[in-house]
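One chain is shown next in structure tokens, namely the form predicted alone.
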């Protein structure tokens, strides 16, 4: 079992750019919402209920195979910096930041599979894979879910399916999210029209960190809105099909941009790279914009000295929670921007191709 420090020493496996269409799709995340039968949902549960759910879930995980040797984090009020890191690594939602005692997170090797205990629901099971892989991620989290259900009794209705805190999760309790880099569509001013069409298909589009987060740097999460009335396979297939169409539009937009303004775009990309490798102060928003340009430059062949996995890793390692942890204290905005710039220079130097 690795420690929290060991986990932080390695970027999540979903950032390694090894999956299909990783030039556009960073990751696919499949999440299942589950609640235990006979226990109030977390928003209504007392501290003793939450602790009982946590202990039962931890016991069920340790009795199985997928999370038996996983990292277990018992979250309390003193672990606020760790909570922020979990959000930044897409292991929990923002709701977890303000949650009280009785919570825990179980994290498997490479952060491939995880279980969040007592967030909005008693259990949030997830699998995150690199690239566009909805069906593969679904199959893996399904096996984890089946394994845990051998020792846990879920709240389930023959009419409505799995019962959840939020009505939009009732049914399968399944959310499929594809994290995409749509910089071509943003730069060509086609993104609003494209995303408007997607919403008509029953899918939602959010920012880099999901609901209520900004779409900085052209990074968007595309996911299903409803989980009732469709099978898990149907949901995964629908999201994969729409994401595939988005990929085609994005690649078309990138091709048009490079054909029409190749030298200008190449200059813009190298300017971004120059700032990242030499600047001494970089804000979080600026980093997202510059990293977007860097990533675009790598995928289009303008930058060949940095690999895509390194550029992806910067999207997580330079976030405020990570920087605070690395610094050992809350550095404040000014010092945090200096630490971020230092980290970026080191990462780009160590992540250069031979």
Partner chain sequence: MICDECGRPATIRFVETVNGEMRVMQLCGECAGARGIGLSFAPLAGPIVNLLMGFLEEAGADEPVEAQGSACSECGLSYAEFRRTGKLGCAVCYTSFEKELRPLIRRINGSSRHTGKIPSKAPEDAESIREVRRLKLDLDRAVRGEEYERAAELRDQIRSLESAQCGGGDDGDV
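These numbers come from a predicted model, not from an experiment. Residue numbers count along the first chain shown, from 1.
In what follows, reference is made to the form predicted in complex with the partner chain, a form of this protein that is not presented.
When the partner chain is considered in the model of the complex, only one residue from 227, 92, 118, 114 comes within 4.5 Å through any heavy atom, namely 227. Screening 135, 152, 73, 269 for any heavy atom within 4.5 Å of the partner chain in the model of the complex leaves a single hit, 152. Every residue of the trio 165, 172 and 207 has some heavy atom no more than 4.5 Å from the partner chain in the model of the complex. Per the 4.5 Å heavy atom criterion, the partner chain in the model of the complex is contacted by stretch 197-205, the sole one of 103-111, 197-205, 271-279, 249-257.
A residue is said to contact a partner when one of its heavy atoms sits within 4.5 Å of a partner heavy atom; residue 285 meets this definition for the partner chain in the model of the complex. Residue contact with the partner chain in the model of the complex: residue 232 places a heavy atom within 4.5 Å of it. Shown alone here, residue 245 lies farther than 4.5 Å from the partner chain in the model of the complex, counting heavy atoms only.
In the model of the complex, the partner chain lies farther than 4.5 Å from every heavy atom of residue 237. Of all the residues from 34-69, those having a non-hydrogen atom no more than 4.5 Å from the partner chain in the model of the complex are 34, 40, 41, 43, 44.
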